[in-house]
Each structure stands twice: as C-alpha cells, then as structure tokens.
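What follows is a single chain, given as structure tokens, in the form predicted on its own.
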C-alpha cells in the first residue's frame, strides 16, 4: 500500500503505513499480526503468557503467513531477580488477608474450589522468552513494561529493532537513553496497562523530551482522525489496540468482541485487580468488588499469583474475566477485518491532510 503518510520510522521498521498493532497479551496473536503486517503495518504479537516453545511456534507461524516485518511484545520484570522465583515463592509472599478475600470472592461468584497450582504469572519468565526472540531472529521487539536496555547491544548487533512503551516523560527519557529505536508513548485513555497522563498532554511532551528519536502515539487511537492527530503532534506512527480487538483475527472470545462494540466512553476503569499494575478494562463485578472491598491489590506479580487460580477456573464469565479496552471504545461500532481497519485509517487520515491542503492549512507532513 502506497501512502503519503509514510514516515522515517516506517523506513526503519520496513513497513508501508504508520500503524502498529498493540501487543495485547494473548488477544494479539498470530492471525492478527499476519493481517496487519500484510496490510502494510506492523503486526505485533503479545506473548508474555507463552512458554518458550509456544512463543517459538507463534513466531514461525507468523513467518508462514507473511514475509513482511512483525514484532513480539513482552512484559519485562522490574528486576531480573524475579526470573529466579517459582510460583510457590510468590504464593508464599501473599498475606493471609488477601487469601481470605480471594476465598470470599470465590464464594460470592460461585466459583469451584481452587488450586493454586503452577500458573504462569505476568512479570516472570521473560529472560527465557527473550532468548527465543534472538534465536528466531525476529525483526522487532517491544517491551510493554520495563526497560529493554539490558538487551539493546545484542539486538543492535543482530539487526533487531527495539521499542518500549512508556506512560510519562521520565520513563520516555529513560527508555530513550537505553538506545531503543523508538518510544511508544501511551496516554491514560489506552486499554491494558496504562499510566495517569492523558494522550493529548503526553504526546507533545514526549516528542519534545526525546527528539529526534521517533515517538509512536498510543492511547485510544481508533480511527483516521486519531492517526492524523498523532502525526500533527510530531509522532511517526500509532500503536492501536482496542480497535483491533473488534476483528475476526483477534484471539479473544466472541463475547468480549461484542462487549467492546456495545461499550461507550464511560464503560472502562483503571484497575489493579488482575495484575497488580493499573490496567484499563471494561468495568465488571470483579473490578467493582476490588474497588470497594477494603483490600488493596498486591503489587505485580503477586496479584497475578493470587487471582490467576480464580481466572483459570472460569470461562466465558464477563462478571469475572477481564476485557481490556480503552476509552476510545465508544468509537467502535462493528467487528471488521483488521486489513480493512488499516485501509480505512490511512484513507481517512489522508483525506484530513488533503482537506488541510485545499484550505491552505499546514499539516505535519508538509
């Protein structure tokens, strides 16, 4: 796809249009990555919950579906020492009051008796996964949380491009100083793990703070107007999550897609009740109980170790299971193919800039 919206970052990443799929955990899987990459953008898989073998197979499956660049998103631990802990180590750190509250919720929601078992918890296991990324020579790596500074030199030697997601100027400077190829600045409106600063306030401050490093805009960008606005702010691409959830290719259940279509701009909440980190999702009974229950969620990864047995014991329960979405969810009114979304976003943004040219206004691309 030829587009006059092509930016220098597009050349760096080897893509045709400045649209990147957010690495939304298991929701952003093989099919979505293939569809977006084949449409000229950058498809990024969210692979934090995958074992090394599962991750390797996903990478190879994407390569079977496209010969274009793609990426992998992982959540890096705040401290590499987390890589050495076991699930039981985490469980041993959970206070009795939190165990009791989980039991109260289990009974309230009529969930079967739980077994802590050996559940994969967000924030652990990344180092093994990163080895797979190097072995498979992936084109692009994105750290959804944490700084990828420790792997930059090795990535650069292999030709791997690296980006990091941040929610404030301080972390943008930190990740930029680590030597990434671009910084993804996500405003509070965005779905999933997100910070406190709004998108329109955050983007120009990050662009100014780390110039000339490329900045990717994130935070409920759902259509061509959002893409155009990001480019006007000086960003060189957009990181799109929620809009790509309402696609046939997204690896989430149909009920979650339909809930996104039915939601409005006031349907979401930032909650620590699932992972311990603030994450935006559609409100449900689970988030409500943690808001008013009098027990503060534990920090990541302890909260995940606490609640994962409940989440693994239920399926299709919209009152319990999380449904990540940004405040731009109110713009989404249908489920459509990912390639069509890419095409429409580019077309509509180009129309906006064309209208600027006709009326004599200057665009960011002039």
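Residue numbers count along the first chain shown, from 1. All figures in this text were calculated on a predicted structure; none of them were measured in a lab.
Omitted here: the form predicted in complex with a small molecule. The next part is about that form.
> Is there a heavy atom of residue 242 no more than 4.5 Å from a heavy atom of the small molecule in the predicted bound form?
Replying inline: Judged by the heavy-atom cut-off of 4.5 Å, residue 242 is in contact with the small molecule in the predicted bound form.
> Is there a heavy atom of residue 43 lying 4.5 Å or less from a heavy atom of the small molecule in the predicted bound form?
Replying inline: Close contact is absent here: in the predicted bound form, residue 43 is far from the small molecule, nothing within 4.5 Å, heavy atoms only.
> Is residue 48 close to the small molecule in the predicted bound form, meaning a heavy atom pair under 4.5 Å apart or at it?
Replying inline: Yes, residue 48 lies within 4.5 Å of the small molecule in the predicted bound form.
>> With the partner left out here, check for me: in the predicted bound form, does some heavy atom of residue 236 sit within 4.5 Å of the small molecule?
In response: Residue 236: no contact with the small molecule in the predicted bound form.
>> Taking 4.5 angstroms as the heavy atom distance cut-off, pick the stretch from 264-272, 95-103, 152-160, 217-225 that is near the small molecule in the predicted bound form.
In response: Of the stretches listed, the one contacting the partner is 217-225.
> Taking the small molecule in the predicted bound form as the reference, which of 345, 17, 13, 25 has a non-hydrogen atom within 4.5 Å?
Replying inline: That would be 25.
> Can you pick the one in 324, 62, 32, 39 that has a heavy atom within 4.5 Å of the small molecule in the predicted bound form?
Replying inline: Comparing distances to the small molecule in the predicted bound form, the residue within 4.5 Å is 324.
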